Ligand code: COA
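Coming up is one lone chain in structure tokens, specifically the form predicted on its own.
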Amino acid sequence: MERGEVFVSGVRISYLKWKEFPIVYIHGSACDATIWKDQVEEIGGYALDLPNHGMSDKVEVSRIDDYAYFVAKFVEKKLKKAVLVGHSLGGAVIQKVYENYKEVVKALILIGTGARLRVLPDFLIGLKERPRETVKIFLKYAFSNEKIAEKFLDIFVERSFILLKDLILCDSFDLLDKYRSGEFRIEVPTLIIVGSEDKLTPVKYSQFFKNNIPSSKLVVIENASHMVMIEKPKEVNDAIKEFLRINFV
């Protein structure tokens, strides 16, 4: 893999890349491009550090649409059009890219995300008052594998401030009524992936997508939780590769 950067409105957007392939991965709250290592190495494409994450520049972000702007402009500059993969917060971001800049979207892959991403108030209060204790609880929700969760504890504690800001953005994200009314309608091929044990964005969130996105396929990965692409990389990669083969080869 190689590290690169693109400037959007003067803001450096850092990315990891392997092979020239029109797929762009967007991470979740308090994560960065490295979360997609297994996918980039096997499938190829670009994994972005959103602004304020990883090696990208810091910038004022007040809503999910702000992240969507930087993703859309990155795609315009590097690829013109791409398959967008988003996990959790990243799933909200790519939905907003489709809503506001659908000309850059070839297809969507929604992983462990929802049309609305309400956050438990205890998480938001706890991250302000008891960050380490709250991060421990958060990671128990995010991973079904405790040993993997332990590896991320210090990282997420160090990033507790950006985790709080990202979760506040998630809490305000809501396209549910727009889906239900037909005001928001995804009309590109869409793959939906979720871990069977996901406690943060349960399977019912993904089932809602399946019921409301015409050209969609739902894949439930057994014995995996919210961080499904880390816990079950082979199963996630196989689902993505099959989706790409059916729709673009």
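Just so it is clear, the structure is predicted and the values come from calculations on it, not from any experiment. Note that residue numbering begins at 1 and tracks the sequence as displayed.
Missing here is the form predicted together with coenzyme A; even so, the following discussion is about that form.
- Just one of 139, 176, 104, 162 comes within 4.5 Å of coenzyme A in the predicted complex, counting any heavy atom, and that one is 176.
- Contact with coenzyme A in the predicted complex, defined as a heavy atom within 4.5 Å, holds for exactly one of 170, 71, 109, 135, namely 170.
- Interface membership of residue 205, defined by any non-hydrogen atom within 4.5 Å of coenzyme A in the predicted complex, is confirmed.
- Remark: residue 152 does not count among the residues lining coenzyme A in the predicted complex, judged by a heavy atom distance of 4.5 Å or less.
- Remark: residue 148 does not count among the residues lining coenzyme A in the predicted complex, judged by a heavy atom distance of 4.5 Å or less.
- The shortest heavy atom separation between residue 114 and coenzyme A in the predicted complex is within 4.5 Å.
- Residues of just one listed stretch (77-85, 116-124, 152-160, 96-104) have heavy atoms within 4.5 Å of coenzyme A in the predicted complex: 116-124.
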